[in-house]
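This document contains two forms of one protein chain, each encoded as structure tokens and listed individually as structure 1 and structure 2.
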Structure 1
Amino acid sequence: MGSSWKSGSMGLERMSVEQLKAVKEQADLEVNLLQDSLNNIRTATTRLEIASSALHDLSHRPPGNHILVPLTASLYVPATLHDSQHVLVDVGTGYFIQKTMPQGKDYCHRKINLLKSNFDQLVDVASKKKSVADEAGVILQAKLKQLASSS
């Protein structure tokens, strides 16, 4: 089993029906996991893009502007915008950093680019795994047909 993994597609030909089934199931599982990760990255990227556009909007508002601040999901409190040049950025593990508006926008862009490059890398890995799974499936079908026609 170990050597047949390394020999790639030729190895799949030499495997028995049982081993092929196991390989296909394993590859299918991995493809599903990768798809989930891809979805998570897409969601996170969307949230960051919303944050980025909110920042952009905020930077155009003059201080003293009337705003409504949410205290709960259904309770808003009227307030005036005090400072539209500073933002608190959540960088993870409970740390928040005060940044200026351009720094905040730069942070959003940097994170979005990082996520996009991770997404591209994952898409590569996922498509390779999917082709392995598909190949295993095709060879499995062929072998099953062979067995059925010979018996």
Structure 2
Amino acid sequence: MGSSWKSGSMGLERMSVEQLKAVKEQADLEVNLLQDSLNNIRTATTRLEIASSALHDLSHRPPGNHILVPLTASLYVPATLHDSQHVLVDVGTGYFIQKTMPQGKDYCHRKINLLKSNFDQLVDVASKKKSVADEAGVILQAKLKQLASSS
């Protein structure tokens, strides 16, 4: 996301109309990519929060309890719970690790905290990029208006 232009309005005001258009387009593109990343982080955080809640509920169920296991969002199969003290945790790219219930809960909480920290950092970066794009747009409009009035 590095750019070759100087930060601040003085650097932007010295640029030509074409350069300003390029800076605005680049900043807008980066803002859109950051927004996509923020949405992905929000989705992952929600999934982990749901998993954490499910682990909490599961830890209170005794072995032998009848449960419904989701295969898809709308398809469930009946099952019997044999062990509520061990879970398989998806650690990415199709790998699962067996953990105890407290370890599984801890894993979810750590991942949630990491994602929230990343989210906050990306929000800061996105807002700075958005202000650069807005500032470039304002200066570009002023320059275009100036060119139109001089011709």
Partner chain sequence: MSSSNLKDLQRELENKANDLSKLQKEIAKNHQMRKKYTVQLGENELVLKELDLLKEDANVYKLIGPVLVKQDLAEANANVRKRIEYISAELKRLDATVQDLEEKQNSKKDTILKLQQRIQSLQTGKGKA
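Throughout, residue numbering runs from 1 along the sequence of structure 1. Rigid core: the largest C-alpha set superposing within 1.5 Å between the two forms. Since this is a predicted model, take the numbers as computed values, not measurements.
Chemist: Two forms of the same chain appear here; which of them is the form predicted alone?
Modeler: Form predicted alone: structure 2.
Chemist: Please report, in Å, how much the Cα atom of residue 79 moves between structure 1 and structure 2 when the rigid core is superposed.
Modeler: C-alpha displacement of residue 79 between structure 1 and structure 2: 3.0 Å.
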